[in-house]
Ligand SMILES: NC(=O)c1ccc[n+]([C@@H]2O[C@H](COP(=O)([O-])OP(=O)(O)OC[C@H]3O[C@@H](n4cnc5c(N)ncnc54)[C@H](O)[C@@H]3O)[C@@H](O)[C@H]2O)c1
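One chain comes next, on its own, written as structure tokens: the form predicted alone.
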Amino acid sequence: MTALDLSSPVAVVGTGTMGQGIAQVALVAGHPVRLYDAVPGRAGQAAAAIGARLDRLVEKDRLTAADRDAARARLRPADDLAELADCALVVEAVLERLDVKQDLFKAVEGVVADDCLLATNTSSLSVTAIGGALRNPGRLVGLHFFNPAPLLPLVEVVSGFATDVTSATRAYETARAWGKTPVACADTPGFIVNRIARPFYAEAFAVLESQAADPATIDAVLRESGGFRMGAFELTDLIGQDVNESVTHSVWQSFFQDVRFTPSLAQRRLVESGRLGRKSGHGWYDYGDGAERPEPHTAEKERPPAYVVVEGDLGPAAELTALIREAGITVREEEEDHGTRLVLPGGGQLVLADGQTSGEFRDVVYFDLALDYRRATRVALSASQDTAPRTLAEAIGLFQALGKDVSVIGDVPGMIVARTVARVVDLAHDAVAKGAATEEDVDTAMRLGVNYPLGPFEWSRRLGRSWAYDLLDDLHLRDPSGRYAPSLALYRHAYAGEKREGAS
């Protein structure tokens, strides 16, 4: 099954920001495009707005004047659904309400030909449920574009329970012909991106709710240590707190209130207060005129230790050994069978976040996971009230000697980056095991859809088979609500090949 022929008209129903973006993508690809909106005059306004954006592309040398003129000639507002009768594909981008989408597609189905492909751009509703109202649900597929559609490459191609393979294949190939990167997924709550991305927000909010760190510090650690393009607080301010919370709530409800997807009370209060982010002028941060962005907590300068003792294999933090030597600090390496840690001159220990807390040990400072310790510009440390001041000072001085800013946060298990990555990896393994998508498509979706520095399976391979499972298992012991219980899929991945004696 091949992509739609470029001579085939494409209709977009719903002319808001997303509808206009999808129409522009189809138009620039070469299709005749019909625009329809239930509100009189909206389709004409949308066509004018698209034309203005095409003009800007010409000004930026991203489109020739001739191609712009040809595209404008192919764009036509429609006053009535009947004008979509000759379309080979109808994409809806209307209100995120099941009844609205069902009614629309029932009306469209009565107008278009039997072989017309129908597509919903829903981000949170069930494609299966939308198609359940149709005479022929087999031709309905999800085409979930990401905003802004002309710029972001990812399109999730979602097959509902009744979607025909030929429909999904044609939609996939058409998206690819439009210059997009399609990924195939089943009709599960949140599809790929909105399902697997929930912990990125949820764990940041949980750290805030535990009073372990403020939003500016958490965001800085996620960016400067975790390698994420934006922190969770600034990103949800950009998305809109109401929009982000609505998606979280939808996924949570769709999974029958699975505790792994529980919404944040702190975010609920923010939405209730009307602080919706950039669009309202205030969210987690203040965007008013003259407002100053809060600075992350950064530790004062401390003297570096004269030496450190490296015991065991530091695993994901192994690169620290070379960095410490390059900083002129003596490194003594010792084999160790019962742990991996850095021992400081005062006798205290520096340990990579593992789901436990500093308060459980005599004199331990934890340090957070980094995407790349050499390139990271900030590292988070956590210590309990019983940690010796000298140990914390030596730990701070050590990372400062490596050229890192240091943020000291509260004594929370898994810290910030480590718990976030572990949960994302877990949800990814669980999704693939349940047939939502392939590993390759999950990694592609998370890199392109939300700009993660690595896909979850790339993280998993880099960190080691059992790293995420062991960290979450530790967290689950300290919070047995089920939120951190590792999935069976992650357990199987972590301990594949290990055999025990048979049951007696």
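Being a predicted model, the structure only gives us computed values, none of them experimental. Numbers follow the displayed sequence, beginning with 1.
Separately, the form predicted in complex with this ligand exists; it is not shown, and the next lines address it.
Put simply, of V193, A93, L427, V417 only one has a heavy atom within 4.5 Å of this ligand in the predicted bound form, and it is A93. Interface residue among A48, L477, A65, V39 relative to this ligand in the predicted bound form, by the heavy atom within 4.5 Å criterion: V39. Partner proximity in the predicted bound form, defined as non-hydrogen atoms within 4.5 angstroms of this ligand, places exactly one of 464-472, 450-458, 39-47, 65-73 at the interface: 39-47. In the predicted bound form, this ligand lies within 4.5 Å of some heavy atom of F145. By the criterion of a heavy atom within 4.5 Å, T15 is counted among the residues contacting this ligand in the predicted bound form. Remark: T387 does not count among the residues lining this ligand in the predicted bound form, judged by a heavy atom distance of 4.5 Å or less.
Although the partner is absent here, P486 is not a contact residue: none of its heavy atoms lies within 4.5 angstroms of this ligand in the predicted bound form. Scanning 106-145 for heavy atoms within 4.5 Å of this ligand in the predicted bound form gives N121, T122, S123, H144, F145 in sequence order.
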